[in-house]
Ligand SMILES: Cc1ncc(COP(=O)(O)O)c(C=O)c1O
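A single chain comes next, written as structure tokens; it is the form predicted alone.
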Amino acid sequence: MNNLFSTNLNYQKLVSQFGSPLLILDKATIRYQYLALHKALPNVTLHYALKPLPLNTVVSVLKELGASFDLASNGEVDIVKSANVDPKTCIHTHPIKKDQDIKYALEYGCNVFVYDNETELEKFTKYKDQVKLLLRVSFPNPETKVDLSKKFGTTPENVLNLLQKAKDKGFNIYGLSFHVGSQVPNSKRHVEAITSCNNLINQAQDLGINISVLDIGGGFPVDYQNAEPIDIDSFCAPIREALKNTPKNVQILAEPGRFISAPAMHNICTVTGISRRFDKNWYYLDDGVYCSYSGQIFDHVCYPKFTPYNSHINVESCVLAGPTCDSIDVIAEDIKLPKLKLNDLLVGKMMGAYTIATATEFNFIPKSKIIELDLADSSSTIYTEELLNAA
């Protein structure tokens, strides 16, 4: 199956045709990643989290595969709505919401929400007969740079109390959810969280509180260093084993985002200026950390970067700087590349997650143009042999 892992693109041809900077989105890679995770977690309903790459095309491709969706804002509701996604395949997982956010999602038809404290629970009182509630549990994870339990989730010790309060108020308690962090290095914390939740589910049922769903969140990693497919089956093997102890009547959900979107996009930008500073060549590019490389700041990720020109020959340490007037706009301070010329290209791989989604137009510099390919479909309008290098 052709995708961005297996196909060499003619980057110069793409820039000649569409300009620079560019983000190349491949639908085939979206499919490849989704199906790999679906195979690794065969009894889990995958709700794609729109946050890392909230594009209509991504939603449409995943909808065709039968995916479900994870929403966290009114704008994300608009995206799935415009793609005619069945609202019953969506969950709204932002733990803190305005009343208008709840109302907006309900008007669309999405009625599954998350809460993690009493104040949030009270917000649903006037919608009590319409909503199903997931209680988010906190499982801090020091092994990840983005610990999502720091900001959200109640402690396991407080779960039964919050479930009982919801039951006493007459709410439809749907289940438990957690998120062990983003880009986790191993599945150990998933297993610990699942084991803890399994115990809590059994304790809740002993109290007469029925739990129908366990949402195991996201965090499924990608290989930024090598820009190659990760062995997601091996990563998920301990998770599958832990889920065997989940009560049989409990449905399992997950919220993959980065795993599906990150490998599906390449960035192409151009050298627009060259200066010798502090005994190094500085190459000024038409893309930077305020735009497509924004994830280096917000997501703490270093994307694989290379030039299409003999990239391992006569390399020297250099600096890659972005196009804005801000001194923070530096992509790399000490990267080894061959000597570059004006109009040479730099390519970034694995740039589908938290790149264009967090990009700005600071200095009134526009965001990178997105070009869509389908490397599995030779009839695609811009999939031509001219855009591919000879193997």
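Residues carry their position along the shown sequence, with the first being 1. Computed from a predicted structure; not experimentally measured.
This protein has a second form, the form predicted in complex with this ligand, left out of what is shown; the following refers to that one.
Across the proposed site, Lys51, Gln183 and Gly219 without exception bring a heavy atom within 4.5 Å of this ligand in the predicted complex. Partner proximity in the predicted complex, defined as non-hydrogen atoms within 4.5 angstroms of this ligand, places exactly one of 161-169, 123-131, 281-289, 175-183 at the interface: 175-183. Contact annotation for Asp70: at least one heavy atom lies within 4.5 Å of this ligand in the predicted complex.
The closest heavy atom approach of Glu255 to this ligand in the predicted complex falls within 4.5 Å. Contact check for Arg136: a heavy atom falls within 4.5 Å of this ligand in the predicted complex. In the predicted complex, this ligand stays beyond 4.5 Å of every heavy atom belonging to Tyr34. For the partner-free chain shown, just Tyr354 of 346-374 comes within 4.5 angstroms of this ligand in the predicted complex, judged by any non-hydrogen atom.
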